[in-house]
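Just the one chain here, the form predicted alone, laid out as structure tokens.
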């Protein structure tokens, strides 16, 4: 599409959006409820409310995405849809699209050239089906980060760790001072530690994709995957089950307050450090790929807009989608969220050391890998999550046991 054609298209779209219409109250459902997340979503709300008389009505759902997704889908299928809703890139909205319950964003996406400004291209691919655009990507989140509190290690007479092996080696000294070597949260954070972080960092990117996307059961039962389970066995020995907390941000808080030395969590943890006024590279460190591998996955967040018979709501939905991907809002939102902007043409002079590390890694396309949500059906992800949580919390389950059950899940996983 030529630049002139794009300008004409954008003019047509926004002429339609600016036509007289009643104001709309636009309920937005999401599961961003921690301190850093709330600060970030407030930037979306502020930008949308500034566009006119339409109002953002916050519909935050407590808990994780695993809790929120079924509620959101049930509302949409049941005829009580929100105006907009958060999902992750992947297959979660496919049934809603097939049922013609999601607003088609193709016109505004083409008018603004989303395909040209979104990086990496896989994020737009996740929003595109049958040549049409169904969602707006708003950030690039990566899971492959380990967070450490510098003061904790220095107070124990240790150098801050540079690798996973350093964290393990430092464990006795921290435990002697009453500090947890590793904090953990129940549910999906344990799955993230093993499947999204340890697997690519210790077995390699090829094994990660081979097992999760290609459903290679032989690789799932092979020696490289065994190394991953052995590392997870090592990790669970660092964590007293009684100290496993309910939510991911609780586990990050233990590092922030110096009660734990390290936590493995996605880059959204950075928002919590910022709320605590801690400085990256001074008060805390962020180690991609457990200090081994500078690879990041291409997860993140997207927003879908369920169809609504009220034209005022439809107009508000299109304005919200455009606002979320605009340069100014991308900067404001992602600096608070700890994630990376979905477009590379923004001014990130205010980015901290951890965000700069992430941006540098993404400069090389070979460092980018898909997230599990982009490779596997939700039912398979849930089965793996449950297995890994059982392994992490049940000392009687051996490495052989968990690997055998993992192979069975991969063998039976749908494409």
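Residue numbers count along the first chain shown, from 1. Keep in mind the model is a prediction, meaning the values are calculated, not measured.
Below, we refer to the form predicted together with a small molecule, which is not included among the displayed structures.
Chemist: Can you tell me which of 80-88, 206-214, 108-116, 284-292 lies within 4.5 Å of the small molecule in the model of the complex, counting heavy atoms only?
Modeler: It is the stretch 80-88.
Chemist: Find out whether any non-hydrogen atom of residue 268 is located within 4.5 angstroms of the small molecule in the model of the complex, and reply yes or no.
Modeler: Residue-level check for residue 268: yes, a contact with the small molecule.
Chemist: According to a 4.5 angstroms non-hydrogen atom cut-off, is residue 43 in contact with the small molecule in the model of the complex?
Modeler: Taking the distances in the model of the complex, the answer for residue 43 is no, it never comes within 4.5 Å of the small molecule.
Chemist: With the partner left out of view, is residue 343 within 4.5 angstroms of the small molecule in the model of the complex by any non-hydrogen atom?
Modeler: No, residue 343 is distant from the partner.
Chemist: At the 4.5 Å heavy atom threshold, is residue 336 in contact with the small molecule in the model of the complex?
Modeler: Residue 336: no contact with the small molecule in the model of the complex.
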